[in-house]
Every structure is written in C-alpha cells, then in structure tokens.
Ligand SMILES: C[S@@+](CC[C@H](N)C(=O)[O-])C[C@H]1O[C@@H](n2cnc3c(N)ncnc32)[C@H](O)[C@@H]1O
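Okay, so here's just one chain, in structure tokens, the form predicted alone.
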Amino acid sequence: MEPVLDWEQRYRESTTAWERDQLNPAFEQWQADFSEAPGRVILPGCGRAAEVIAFAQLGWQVTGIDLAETAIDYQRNALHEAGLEGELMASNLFDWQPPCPADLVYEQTCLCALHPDQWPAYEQQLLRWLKPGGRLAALFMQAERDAQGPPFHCDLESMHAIFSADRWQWGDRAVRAEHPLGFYELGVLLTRL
C-alpha cells in the first residue's frame, strides 16, 4: 500500500483520477433501496465522493473515513455548506473501529486501492463494522488484470473467496458502473450473516 503522505499529496495536487464528479451510477440504481430505512452508514476511503452528502440527505448517520486530511476537510466543508451532519475521520481504516456496528458500508474504490495481500484483513474489518444483517454495498473494480495498481483488479472469483458464503450472503445481481479511469465496477449488495 502506498504511504499515507502519498495519498494526501494526490488530493492536494488534484491527481485523483479515480474520483467522479457525480454519484456512482450504481448508487443511483440502489438509491431507492437506500431510502427505505436509513441507519448508520460507513464510507471507507470516502475521499471527496458525492455519496457522503447523498447519504446524509437521505437521512443516514454518515461516517466517512480517509487517510488524507485534505479529503476529510473537503467532506467536512461540504456537509457544513449543505447544512448536514456527519462524522469524518482522518484515519487508517485498519486502526479505526466504530462506536457501534453500522447498518451499511458503502465500499467504493477503497478495496481496489489496497494491495491484495490486505484484502482478507479488510474483509475482517468490514465484518467488525457491520451488525449481523447489515449490508455491504461493494463496487468491485474490474481493472486490467496485469496492472500493478492501484487500482487492483477485483475479479469476482477472488471476491467470492474473500467475502465467503459462510459470512456473507451475495445479492443475486450485479450492477455495472463505468469508471472514469476507463475500467468498470461491478456493484453487488452483500449481507453480513
């Protein structure tokens, strides 16, 4: 994984090609589902994603986590300007634990930014963060298989092995979302068992 300062520098220099200027198309398809019963949502590696504001507007108790203080400052200002509230943490996601389990984790471009050696530990964090029956809205990056990443390719066979059926129930359909980098993501809703 790249050093913390490198991520911060990327935000300061606006060399963040993985970011979108609007909501992820998968979020838009899931929005009706997200609107039904707002609760606590965690957005790991939230960056400057529009979803932080969108979840707050839908009535969710939002917690955004990112390594880069610049990204957290951006989200803090955006929430303030919108008259909304949320908890924002500049932290390594492996060091942070929520005060109580969440109903939803919205995983967008965080997993693919981690080296694949870290994926099992990240999956364990997500289990700790979610209450039983909580959902993981996962956007699995379909990058070039030979790319040195990040982003790292999140092939579904590997994802099924890491997010295994003894801990996660997989939704029955995937949403395809084109990505600004020329790749695409497969969005799947998983439920923590």
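Residue numbers here begin at 1 and follow the sequence given. Predicted model only: the values in this text are computed from it and were never measured.
Same protein, other form: the form predicted in complex with this ligand, not shown, and the subject of what follows.
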{"item": "4.5 Å heavy atom contact, residue 105 to this ligand in the predicted bound form", "value": "no"}
{"item": "4.5 Å heavy atom contact, residue 68 and this ligand in the predicted bound form", "value": "yes"}
{"item": "4.5 Å heavy atom contact, residue 113 to this ligand in the predicted bound form", "value": "yes"}
{"item": "This ligand contact at residue 45 in the predicted bound form, heavy atom, 4.5 Å", "value": "yes"}
{"item": "Heavy atom within 4.5 Å of this ligand in the predicted bound form - qualifying residues of 79-118", "value": "91, 92, 93, 94, 108, 109, 110, 113, 114"}
